[in-house]
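A single chain comes next, written as structure tokens; it is the form predicted alone.
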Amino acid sequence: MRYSAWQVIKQGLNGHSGWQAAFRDPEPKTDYDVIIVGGGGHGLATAWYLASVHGITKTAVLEKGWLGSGNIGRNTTIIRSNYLLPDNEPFYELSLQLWEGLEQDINYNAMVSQRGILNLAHSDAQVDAYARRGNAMHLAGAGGQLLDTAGVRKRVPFLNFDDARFPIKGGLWQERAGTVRHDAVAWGYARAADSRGVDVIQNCEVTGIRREGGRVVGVDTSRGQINAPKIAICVAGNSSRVMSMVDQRLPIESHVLQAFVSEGLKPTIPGVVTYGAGHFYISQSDKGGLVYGGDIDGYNSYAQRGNLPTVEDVAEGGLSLMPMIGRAKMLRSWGGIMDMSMDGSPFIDKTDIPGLYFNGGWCYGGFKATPGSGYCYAHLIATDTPHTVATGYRLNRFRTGHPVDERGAGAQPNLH
């Protein structure tokens, strides 16, 4: 069923009795051309682009839980392409361009809202750094505008300008950035891939990866054995666990990243605002809740929950930036498992094992990269060559001395 205004009218006249399920709940087949391990945003996007761009439809997406139970449903929904390094900016700009056409591409309302993002600067050095970043964005066609204090005050007058411990010196504004409804992304990609014949299989946990003659031939799952000559790993914070099934060690640590939502409020925050003197970012959902977050928890964990010191740190950052939110009540919080790489940048690459591919290490940037990651991963799987904007995301880059250290914090994942 194709969604349209006419379909809404038709179903309304019929008492909404004719709507079909968004996607099937198929039983796993014995053989596929490609198995994608992980039914999050990146895995589902990969399946869609394999089918729609490369014509590979005999694909299974295996998800150990339900769709939306992982990081795709546990983030702060921000999309942007305001990066600096040449290995990052073109990739994230491709991803943002795909976001801009996503709803028409997959015929699904993912609530893409390009309301803009403002990165605040609190020192002359930060202003200079944002000027450099803005120039890199323009070179990649991403746009961007450097604002002075007056320009920031005009856009977000409710910030703490007059009594701030860290004065606001300006900011970098990207108008095309914004937010997207996170779980709608999972449902939309699943529906679109399913419409091309892809099997999206929920409650199917991979328990082993089988090899014969040195190459992969299939997986063992909680629902039986499934065969395929190509296996694509795409499991976010559980990357190290899954790759250990084939004795692969990754330059990755798993940390929890908490996110928070306040009670519903009247429209207050027009776009996304990030704090330059502490790790805090905030936007407002269509329901009125303030959606915000900050640093990852400093310890390694596979639990989808965080600890109270990080909650306190995030709240302190928010109150320092905009004291008015101190009167808002926190409604709920959740934790996603971040696979933090040693330079803060991801991996989209073939492994040394023939037929086995890996996508991970997305740190904080996983959600905004969803369509770009799926597009480039599908290209790699279909052609066995990296996409031109993802050539820097190699697994061996630390061994060869080519890290992609966007933030410049060094080899400590808890600092990214």
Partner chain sequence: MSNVNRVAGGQIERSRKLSFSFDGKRLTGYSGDTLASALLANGEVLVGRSFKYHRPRGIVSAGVEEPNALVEIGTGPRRDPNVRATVQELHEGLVATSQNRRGSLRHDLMAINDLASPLLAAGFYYKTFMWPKAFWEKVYEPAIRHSAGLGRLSMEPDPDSYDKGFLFADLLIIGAGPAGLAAALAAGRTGARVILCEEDFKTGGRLNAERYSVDDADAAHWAATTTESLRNMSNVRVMTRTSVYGAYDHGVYGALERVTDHVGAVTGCARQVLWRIRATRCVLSAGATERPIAFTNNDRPGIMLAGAVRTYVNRFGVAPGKRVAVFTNNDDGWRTARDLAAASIEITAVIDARDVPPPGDISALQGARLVRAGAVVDTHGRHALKNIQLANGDTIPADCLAVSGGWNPNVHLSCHQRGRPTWREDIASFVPGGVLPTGMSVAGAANGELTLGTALRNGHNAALAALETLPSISLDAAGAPPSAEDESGFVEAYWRVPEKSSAFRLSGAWKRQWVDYQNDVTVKDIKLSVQEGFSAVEHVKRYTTLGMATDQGKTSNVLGLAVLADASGRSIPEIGTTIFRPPWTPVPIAALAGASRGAHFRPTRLTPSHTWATENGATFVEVGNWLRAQWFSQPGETTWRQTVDREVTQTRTAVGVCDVTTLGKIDIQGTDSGVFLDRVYANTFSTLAVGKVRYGIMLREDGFAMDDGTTAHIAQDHYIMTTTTANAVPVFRHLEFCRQCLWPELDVHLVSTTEAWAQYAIAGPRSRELVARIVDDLDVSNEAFPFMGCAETTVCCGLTARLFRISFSGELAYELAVPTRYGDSLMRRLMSEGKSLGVVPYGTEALGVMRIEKGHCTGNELTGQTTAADIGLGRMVSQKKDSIGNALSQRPGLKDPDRPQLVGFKPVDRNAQLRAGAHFIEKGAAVVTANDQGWMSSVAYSPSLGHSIGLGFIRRGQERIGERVRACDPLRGEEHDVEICSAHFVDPDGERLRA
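Not measured: the values here are computed from a predicted model. Residue numbers count along the first chain shown, from 1.
Another form exists, predicted in complex with the partner chain; not displayed. Remarks below refer to it.
Contact with the partner chain in the predicted bound form holds for none of Asp148, Gly197 and Tyr364, as no heavy atom of theirs lies within 4.5 Å. For the residues Gly294, Gly170, Gly218, Gly144, the 4.5 Å heavy atom test against the partner chain in the predicted bound form is passed only by Gly144. Mapping the unseen interface onto this chain, Met245 falls outside it, with no heavy atom inside 4.5 Å of the partner chain in the predicted bound form. Residue contact check for Gly101: one or more of its heavy atoms lie within 4.5 Å of the partner chain in the predicted bound form. None of the heavy atoms of Tyr281 is located within 4.5 Å of the partner chain in the predicted bound form. A residue is said to contact a partner when one of its heavy atoms sits within 4.5 Å of a partner heavy atom; Tyr92 fails this definition for the partner chain in the predicted bound form, lying far away.
With the partner chain omitted here, the record of contacts in the predicted bound form names 22 to 30 of 22 to 30, 365 to 373, 350 to 358, 47 to 55, defined by a heavy atom within 4.5 Å.
Along 46 to 61, no residue reaches a heavy atom to within 4.5 Å of the partner chain in the predicted bound form.
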